[in-house]
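Here we start with a single chain on its own, the form predicted on its own, put down as structure tokens.
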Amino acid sequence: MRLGRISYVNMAPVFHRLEYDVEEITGVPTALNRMLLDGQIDVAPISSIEYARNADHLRLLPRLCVSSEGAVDSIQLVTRLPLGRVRSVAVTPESATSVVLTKVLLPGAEIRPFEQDADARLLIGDAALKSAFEDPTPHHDLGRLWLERTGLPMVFAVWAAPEPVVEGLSDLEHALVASVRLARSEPEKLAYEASARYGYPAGFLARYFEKLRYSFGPRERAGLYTFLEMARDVGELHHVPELRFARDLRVPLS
């Protein structure tokens, strides 16, 4: 089975001790989005907005997502201006959901390519984590801004497979969930191993992993629906699709 893996450190808990025979294909979120939709991979965590745009052709894994309830650290708006005065944002080409989230949170701001000058820059993933260490410019965490706006978790990515789903998807989901649970049970080991691989201090990563959520429960689904409704309202989505899950998988979390 060809399994997509986001190239950022946020995937460390999911792949901590994954016991399933897969071919890992690594890439930034927008690259995985494209490969999944082109049929180059069988299942992957993809941008939640990209799932919604292609929901007619995809099925969701019911127990997994990538989300936060509050600050997430790895999605940052960097600007010297107060947010109310930001009129343009240069966005990373690696993200789809965060770009739309920026439009939701700052509907009056012009979105520009990353290489152009702008009042603010949108960074995601490891670039955002690194910037927080090295750049004294004020950073605004989009996960925190979303929680302040809605009171709900923000779902940045969902796990999806194109129809017809590949055989063995249920077993893979079980293995991914088991890996996350084991990672949660040994946070120091996870942090030190991730530190050796990605180069961040282990203590920093331990705090970072505590902010990430991988369970796709009722609050995460409510947060996702709210985000998709607001994305529709700013013109980024034609309609809010029904969440369609892979039928051979277990009943979602209650």
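A residue's number is simply how far along the shown sequence it sits, counting from 1. Since this is a predicted model, take the numbers as computed values, not measurements.
Omitted here: the form predicted in complex with a small molecule. The next part is about that form.
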item: Contact of A161 with the small molecule in the model of the complex (heavy atom, 4.5 Å); value: no
item: 4.5 Å heavy atom contact, P29 to the small molecule in the model of the complex; value: yes
item: 4.5 Å heavy atom contact, V89 and the small molecule in the model of the complex; value: no
item: Exercise: L3 in contact with the small molecule in the model of the complex, heavy atom 4.5 Å; value: no
item: Option touching the small molecule, based on a heavy atom within 4.5 Å in the model of the complex, out of L176, A120, I124, A183; value: I124
item: In the model of the complex, segment of 124 to 132, 111 to 119, 145 to 153, 165 to 173 with a heavy atom within 4.5 Å of the small molecule; value: 124 to 132
item: Complete contact of A52, T102 and A231 with the small molecule in the model of the complex (any heavy atom, 4.5 Å); value: no
